[in-house]
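Quick heads-up: it's one chain on its own, the form predicted on its own, in structure tokens.
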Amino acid sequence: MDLRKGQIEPILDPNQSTYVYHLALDIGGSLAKVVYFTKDDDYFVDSEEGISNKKALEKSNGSRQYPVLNGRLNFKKFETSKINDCLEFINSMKLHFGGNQEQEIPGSQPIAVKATGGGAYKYADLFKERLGIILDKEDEMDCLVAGANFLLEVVHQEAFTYMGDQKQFVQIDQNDLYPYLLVNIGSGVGMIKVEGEGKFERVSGTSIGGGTFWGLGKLLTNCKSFDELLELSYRGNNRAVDMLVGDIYGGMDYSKIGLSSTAIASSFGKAISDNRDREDYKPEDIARSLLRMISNNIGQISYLNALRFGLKRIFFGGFFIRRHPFTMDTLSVAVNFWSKGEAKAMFLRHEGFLGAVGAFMSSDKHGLKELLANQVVQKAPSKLSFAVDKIIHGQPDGDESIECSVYAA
């Protein structure tokens, strides 16, 4: 089978005895995300027991059993400013040559790979020149919503709440998922009202997002990476920089309107009255104040939009969060405060890969169904599904994969 004909070409990972059946990209302003599926073994199993490929081919059209591919859905990220690292990863896996060194034939036709995000346009020529890959572009918002819907419907314990250092997984009823507000925090922030499969509307957004945190943090603290800035914020105390309600009211609460003495009255407000230069403030305190300022702002705007449309559930995604406890807690407290406890902030385990997963799933109509249909004699499946077995954490590079089965339903 050939991707150039809209079908999936199995791609051998030279480092393992696995085959890459498909990959997709989401290249944003800050990060490039890669999602790809690998089959760990060279046989198919059905819903009852393991069967070899030979036996699968002998199954009759009338069988009630369905073909299954066991493998992993893999997630990997790169800084967009270091896009060459992403290119080198694809090259090292030989994804663009089907994992076969012998296919490196000069002048061979480019292979199409699904991609979304602004970088799918910005780096299209680079991917074609360096790897012979044509980036088959999918709409960014379509992919975000499709990725979120897929993960919420399929992955067990994908959604969770986090407040006061307490993490609690949320059981999602597939029949009661919609409507919800999807807040995607990337370089900027997009807020999307999702009403069903393919039914959504971008209702708001803000330019004060992850890129703001990273950019201002780099200027104010000299941190060289987003993760370094986040790590620095762990050690900080925002009270050394922010003006609190107690600073204005002599250590007292403003109880009439429900503000405690520790509530932030003005982010970075102490810098106004303190007779100190920037160098006199600790970088970790600045990082903490900056993170809290941006998270509070996003949380408040998100709730106001949820209120506007009568939505009780707000899902936060995007790599700004990074499962950072303080970030999640701040977003949750903001939503809880402004909604008076009526709305909850919820987070996604694969928060940063929504667009890449959506781009991956858009390939369904181009090849994944055909892959299964051609491997097993049966009617062409009407829908492709994933049964997730478990999520694998602790990868050396901080990425992860989902053990899953792909089957026709």
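Predicted model only: the values in this text are computed from it and were never measured. Numbers for residues come from their place in the sequence shown, where the first is 1.
One more form of this protein exists, namely the form predicted together with another copy of the chain; it is left out here, but the text below deals with it.
Contact annotation for the candidate site: Lys128, Gly147 and Ala240 all lie away from another copy of the chain in the predicted bound form (no heavy atom within 4.5 Å). With another copy of the chain omitted here, the record of contacts in the predicted bound form names 114 to 122 of 164 to 172, 327 to 335, 310 to 318, 114 to 122, defined by a heavy atom within 4.5 Å. Only one of Ile134, Val155, Leu259, Ile90 lies close to another copy of the chain in the predicted bound form, with a heavy atom inside 4.5 Å, and it is Leu259. Checking Phe75, Trp214, Phe160, Tyr178 for any heavy atom within 4.5 Å of another copy of the chain in the predicted bound form turns up a single hit: Trp214.
Interface residue remark: Ile83 is not counted as part of the site for another copy of the chain in the predicted bound form, having no heavy atom within 4.5 Å. The closest heavy atom approach of Asp142 to another copy of the chain in the predicted bound form falls within 4.5 Å. In the predicted bound form, at least one heavy atom of Lys218 sits within 4.5 Å of a heavy atom of another copy of the chain. In the predicted bound form, none of the heavy atoms of Pro283 sits within 4.5 Å of a heavy atom of another copy of the chain. Taking another copy of the chain as it sits in the predicted bound form, the stretch 240 to 270 comes within 4.5 angstroms of it through a non-hydrogen atom at Met243, Asp247, Ile248, Tyr249, Gly250, Met252, Tyr254, Lys256, Ile257, Leu259, Ile264, Ala265, Ser266, Ser267, Phe268, Gly269.
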